Ligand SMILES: Cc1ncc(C[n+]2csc(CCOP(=O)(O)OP(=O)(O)O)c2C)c(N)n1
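As structure tokens, one chain now follows by itself in the form predicted on its own.
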Amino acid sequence: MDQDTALRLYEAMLLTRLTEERLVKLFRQGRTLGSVYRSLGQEATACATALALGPEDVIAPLIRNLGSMFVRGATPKEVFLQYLGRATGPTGGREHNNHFGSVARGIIAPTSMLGAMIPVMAGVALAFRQKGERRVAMTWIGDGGSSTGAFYEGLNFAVVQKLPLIVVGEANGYAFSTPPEHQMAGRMAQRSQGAFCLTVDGNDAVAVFEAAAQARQRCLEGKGPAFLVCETFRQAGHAEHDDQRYVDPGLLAQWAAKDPLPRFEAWMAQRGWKADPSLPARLEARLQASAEAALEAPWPDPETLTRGVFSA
């Protein structure tokens, strides 16, 4: 990883954390429509994997992968408009959190946390191969989502067809409130179904980036899909309405000491690299302006309720 890449990665991780902190404030003020799903402690996993891709590759993020969307060009204002349900938001007030996409940016809108995007992205990867395009598809899955049929069906299809698909397994400690030992035998990596599998420290941004880059190169060489397991931890509840009382405080403290942001700062400092000291203040100012603009944006017109709705 060179200095320019490191600084881009650090900014994406910091932007993700600060954006979600502001979203939490909006939630507690009763401004958001629905809860807020944070990636606190998992920013390195989302940002570093996405940054390792090429500009023509395509991603399908889940609710804890906001950082990957920022890497691909999504803006905080779009995120605030979406959470606030405004008419000028990406889905016109019809969806919530980060359930929106942008084909131009290579972002496929998520539909579910429960493995549904893996068959979808296997199809995207199949299209790349059929067209002879050197492109890779990437999506993410959590502990609980890897126990669903869609996960197995999608990854199995990708393995059999040797598709250029990267599935990032976020082993983050809990499927809502269920620890892994209560819903899977063994470790997440054992679910690779024959895909090339790498397991890395998901809070080590450099290790994640390098593993994702390796997985991408294998895909481009026609060697089939990769299952990249990132061992990390969800430092907040499933969402802001979840107080996480089921987690041992000692375990939270243990993982807080592995926070990916200060770890990455220390890694950069060892190389004499340092982000602009004004970066946090500049990002906060940008976020405040974006949130205020979103709060002033219009609500959807009830007359438009049926637009963009399809039925069979």
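Because the structure is predicted, anything quoted here is derived from the model rather than measured. A residue's number is simply how far along the shown sequence it sits, counting from 1.
Same protein, other form: the form predicted in complex with this ligand, not shown, and the subject of what follows.
K.L.:
Of the options Ala175, Ile107, Val124, Val229, which one has a non-hydrogen atom that comes within 4.5 Å of this ligand in the predicted complex?
P.N.:
Only one listed residue qualifies here, and that residue is Ala175.
K.L.:
From the list Thr199, Gln214, Thr148, Thr75, which entry has a heavy atom within 4.5 Å of this ligand in the predicted complex?
P.N.:
After the contact test, the surviving option is Thr148.
K.L.:
In the predicted complex, does every one of Met113, Gly142 and His238 come within 4.5 Å of this ligand, counting any heavy atom?
P.N.:
Looking in the predicted complex, the three residues Met113, Gly142 and His238 all sit within 4.5 Å of this ligand (heavy atoms).
K.L.:
Given the stretches 77-85, 151-159, 175-183, 201-209, which is the single one in contact with this ligand in the predicted complex, using a heavy atom cutoff of 4.5 Å?
P.N.:
Result of the contact check: 175-183.
K.L.:
Which residues from 45-66 come close to this ligand in the predicted complex, meaning a heavy atom within 4.5 Å?
P.N.:
Residue within 4.5 Å: Arg64 only.
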